[in-house]
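Below you will find one chain, with nothing else, as structure tokens; this is the form predicted alone, and questions on how it binds or moves follow later.
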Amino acid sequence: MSFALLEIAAFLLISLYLGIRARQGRKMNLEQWTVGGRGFGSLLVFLLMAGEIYTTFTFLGGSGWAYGKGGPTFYILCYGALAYIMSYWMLPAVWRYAKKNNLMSQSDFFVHKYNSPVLGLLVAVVGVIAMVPYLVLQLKGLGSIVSEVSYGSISPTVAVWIGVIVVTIYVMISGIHGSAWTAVLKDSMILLIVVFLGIYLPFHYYGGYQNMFSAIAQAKPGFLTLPAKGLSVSWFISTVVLTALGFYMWPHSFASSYAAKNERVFRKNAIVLPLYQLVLLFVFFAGFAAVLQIPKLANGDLSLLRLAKMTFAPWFVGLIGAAGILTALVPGSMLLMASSTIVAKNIYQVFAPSTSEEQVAKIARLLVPVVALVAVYFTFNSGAAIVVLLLAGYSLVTQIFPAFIFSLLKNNFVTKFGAFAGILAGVLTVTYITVTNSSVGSLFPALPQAVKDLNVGIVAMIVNLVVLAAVSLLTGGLASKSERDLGRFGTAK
């Protein structure tokens, strides 16, 4: 037990060291802090993008859903691969436009594309609100991991505070460079640990994958398939579409594409990343292995760790925990940095336009602990499961996608008024359904079951598209010729 704690402490210190060391030899102006001076090669961009797969959502939430939900879990395998395929065409266009216009954040993209600081402000607010549950997800996962692998000697509360302090320090000092360096360590460890667990646990307890799934199917008929209601086929398809379209709409993912040194980086990565997604299967296998070995577990997110503690010596459990901690620190650092940059540059500077870039950089760094404290507050006051938290954030950020994808067209018919109205309508729809704890089925009980099971984020995006098109057609005459041409690459200001 003490050795497991030493391992956790060692990896936290190594992460802190790497995060701080990444600053060496660089003057941390806003461009270096947020987008790494636009000089990252294929490997670092790959690790930052791959970091979106291997977070605590995957490590705990993926195995937790395999344990508690069964068949519907496989939506997690699908959406990332689709997003990476889209990135082959989408991200080079974003990178070219960002480089030409010296953009630092996702909101900057919309400000320039639609010539509207107000639209940029709305995108900034939506992005920050959506990132809060995503950051909470990382912190909740961090607390659970440390508490479990320390065999209860460190409480989740203490673990969250320690993790927040570590990540806040190196984000303030090194920005995206710190995230990139720690991502190298994280992906190396998580790849080895996850593949090992996904192979060893099914063979150790069942003698192989076929035996494992046969035993589960016999003990829990229908568990490995999609149910007729609820998490049904229509839910599965709509959720995959929602999360695939929203994958790069997260502000930290969108802005991390600015860090590449050239657009070829994205095309190289788009070829490999869908294959890398297959490693998620091993996470699911670990969760499925726990179904019959640890029945009636109250919190399915702990299934992987509980089975690991039951199977391995404490020193190996410590390694698993260390890998899990890194899955929280790396995406957590990106979320903190993106949130702070957006608040400083796209919210504060809108109301104080005389603020210089140097002042924005200082404010962004000072906001890092503030954003961290907000996330800590919600971490201790939220009981939602890890996957539920992520899906709530996706429902919000995906409302940005229609205005974004239309902006890439050679002739964009969407006006800034239409883009604003569409995003606002989609976000309000998601907010209403979430706050009232409703669903499509409860709001419209007479609809067919397939429609009632649709993901609320997709329903909100349909509302978004209708409003976007209607308002754009009504306000098209108000737009100047230059505004209509903003969709042309390289022609916008």
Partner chain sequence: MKMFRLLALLPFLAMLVGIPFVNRVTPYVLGLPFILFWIVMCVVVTSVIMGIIYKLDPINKGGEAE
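Numbering follows the first chain given and starts at 1. As the structure is a prediction and not an experimental result, all values here were calculated from the model.
Note that the form predicted in complex with the partner chain isn't included here; everything after this is about it.
Not displayed here, the partner chain is approached by Val240 to within 4.5 Å at the level of heavy atoms in the predicted complex.
The closest heavy atom approach of Leu278 to the partner chain in the predicted complex falls within 4.5 Å. Within 4.5 Å of any heavy atom of the partner chain in the predicted complex lies no heavy atom of Trp250. At least one heavy atom of Phe285 is located within 4.5 Å of the partner chain in the predicted complex.
Proximity to the partner chain in the predicted complex holds for all of Phe74, Leu82 and Pro274, with the criterion being a heavy atom within 4.5 Å. Picking from 229-237, 191-199, 301-309, 158-166 the stretch near the partner chain in the predicted complex, with a 4.5 Å limit on heavy atoms, gives 229-237. Listed residues Ala392, Val374, Ile363, Met86 were compared with the partner chain in the predicted complex; Met86 is the one with a heavy atom within 4.5 Å. Contact with the partner chain in the predicted complex, judged by any heavy atom within 4.5 Å, is made by just one of Ile405, Ile294, Ile173, Ala270: Ala270. Residues from 203-239 that approach the partner chain in the predicted complex with a non-hydrogen atom closer than or equal to 4.5 Å are Tyr209, Gln210, Phe213, Ser214, Ala217, Leu224, Thr225, Leu226, Val233, Phe236, Ile237, in the order they occur in the chain.
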